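This document starts with one chain, in the form predicted alone, laid out as structure tokens.
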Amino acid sequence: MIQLYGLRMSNYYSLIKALMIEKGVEFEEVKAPPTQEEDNLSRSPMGKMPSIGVDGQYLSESLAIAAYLDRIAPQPALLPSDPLAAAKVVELICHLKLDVELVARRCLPELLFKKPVSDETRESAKAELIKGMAAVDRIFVGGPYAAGDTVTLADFYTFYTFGLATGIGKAVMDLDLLADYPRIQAVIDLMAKHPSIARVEAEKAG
């Protein structure tokens, strides 16, 4: 059985948990906060959440874990069989992670710990988020899912990217990230009802 290490408050932990449920993979949750303690670093070299344990070996980074899950549980397939279409899904995920979620995280201390970030950090992050949203929108299909007419890995990343990023945008930058992007908002609303994500969110709330 796979061990899932982290905390339910983490959006990436929740994403991986939803993928495991989606794939029907057996797993157990192990509470493990993000620390620089050696036991945690042995699982996740940067001490981040989540990581997984597989027969005494460990794997970190959500995209790597997702790729592993897709290999051990090919169905339901979350990447298209066509190589280029699959690469386009990964391309979209990269832009969601790098140009939206990680940019928003620069202001996370102010949201979580009420520790104000500098005006320079806030304004630069805001400018890059606006640019990042435009980039995502250029390759976001939304028909009705992020990459077309079926659920893919990009839909899970869309849901869990904006759960965090929109909160930071509104609270710290007075910026509604999704105001001008109804296609992205529609996918988020659709995925909120998706069984695996609905279960994760219900258990998180409980």
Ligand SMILES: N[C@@H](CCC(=O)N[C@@H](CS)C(=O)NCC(=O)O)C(=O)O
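One-based numbering along the sequence shown. Computed from a prediction, not measured in an experiment: that's the story for all the values here.
One more form of this protein exists, namely the form predicted together with the ligand; it is left out here, but the text below deals with it.
Among heavy atoms of Lys97, some come within 4.5 Å of the ligand in the predicted complex. The ligand is not shown here, but in the predicted complex it comes within 4.5 Å of a heavy atom of Met49. Interface membership of Arg105, defined by any non-hydrogen atom within 4.5 Å of the ligand in the predicted complex, is confirmed. Residue contact check for Ser62: one or more of its heavy atoms lie within 4.5 Å of the ligand in the predicted complex. Note that among 179-187, 192-200, 6-14, 21-29, the stretch whose heavy atoms approach the ligand to within 4.5 Å in the predicted complex is 6-14. Along 186-204, no residue reaches a heavy atom to within 4.5 Å of the ligand in the predicted complex.
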